[in-house]
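Just one chain follows, in the form predicted on its own, and it is written as structure tokens.
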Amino acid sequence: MSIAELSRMARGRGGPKARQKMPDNKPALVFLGPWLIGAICLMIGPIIASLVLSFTNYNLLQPAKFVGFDNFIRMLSDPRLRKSLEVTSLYVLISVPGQLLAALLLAILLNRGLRGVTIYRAAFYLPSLLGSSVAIAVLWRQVFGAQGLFNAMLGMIGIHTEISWIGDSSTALGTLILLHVWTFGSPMVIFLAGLRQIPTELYEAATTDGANAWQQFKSVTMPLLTPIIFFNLVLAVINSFASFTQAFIVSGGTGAPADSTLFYTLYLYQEGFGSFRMGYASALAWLLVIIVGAATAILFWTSKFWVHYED
């Protein structure tokens, strides 16, 4: 068969398809419309507005006045900003590893084939749904108050105290860290799913080679679980930097006592909606974006040294 005949056959097959109309995407756009409108009005629009306002002096009552980089320069000499960064950094550095460690240990325990594992999994996941709610923050304030449940439990073992753990500047942040660790349900479920994906043949081979439980965990479980650990770590870091409700409720929105619970987001809220310095609050918000972005970038950079993928 000649090249000309092959060309005619190809044109004959492709002709009808070429004449077909392009698919109608209007129904898809109709269904996507509400989401697109919401994304533009509730996300993209406010993001652009906050970037513009970060270069202005705006108090909600008067027109915004352009001040250039004055808001960002002011941050260099803001003592409460430094305090909020210290509190938030300490919160992230302690609560994130604590939460992930608790989640991993419980996931390993549930992965051992306990009876009623579905009930346990639901019970352990429940704090993740409630941990950031106002009700749990109020409950936490009562538990660690001077007459709270925690002091009552200490009294049962012979330790009698009337310390308000939530009202003492040396322990208030610790109670919020404990609250964050308590909400380990979400990473626990993800860890459990990762553990279920590890082939049992690897454990059988390790047992054949004489590896004990710790050696199997160190040589089989951990390397194969590092992608899941990395995923949970990134989410936990981002969520920790964005924590707000717990500190707001426990401290009454002030960061008390002595600014020991002054989270960065709480200080941002005070500047924007307490002092009506919206321009400065917008600049603080963009600084938080930069901090979270830098922390995430560092995690991704370090991941090549300890995260092991199948390939």
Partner chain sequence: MKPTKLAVLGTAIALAAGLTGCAVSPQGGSGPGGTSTTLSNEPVTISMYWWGGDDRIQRTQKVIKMFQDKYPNIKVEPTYGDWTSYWEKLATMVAGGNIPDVIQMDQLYLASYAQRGVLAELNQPQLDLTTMSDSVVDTGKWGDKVYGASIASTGFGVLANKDALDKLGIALPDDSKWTWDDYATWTKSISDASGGTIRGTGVMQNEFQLQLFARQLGDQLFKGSELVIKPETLAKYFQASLDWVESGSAPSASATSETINATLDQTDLVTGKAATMFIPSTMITTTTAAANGANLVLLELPHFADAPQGWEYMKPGMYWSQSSKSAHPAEAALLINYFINDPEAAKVLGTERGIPSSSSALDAITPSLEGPPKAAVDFVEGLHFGAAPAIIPTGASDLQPIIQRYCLAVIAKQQTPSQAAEALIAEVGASVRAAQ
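Positions refer to the first chain, counted from 1. This is a predicted model, so every value here is computed, not measured.
Just so you know, the form predicted together with the partner chain exists too; it's not on screen, but the next bit is about it.
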Discussion item. Using a 4.5 Å heavy atom cut-off, which residue among 166, 92, 104, 181 comes into contact with the partner chain in the predicted bound form?
Written reply: 166
Item to complete: With heavy atoms only and a cut-off of 4.5 Å, decide whether residue 55 touches the partner chain in the predicted bound form.
Response: no
Discussion item. Since only the chain is shown here, I'm wondering whether residue 259 would be in contact with the partner chain in the predicted bound form (any heavy atom pair within 4.5 Å).
Written reply: yes
Practice prompt. Spell out, yes or no, whether the shortest heavy atom distance between residue 67 and the partner chain in the predicted bound form is within 4.5 Å.
Written response: no
Discussion item. Residue-level question: is residue 73 within 4.5 Å of the partner chain in the predicted bound form, judged on heavy atoms?
Written reply: no
Fill in: Neighbours of the partner chain in the predicted bound form among 257-284 [non-hydrogen atom within 4.5 angstroms]
257, 258, 259, 269, 273, 274, 275, 276, 277
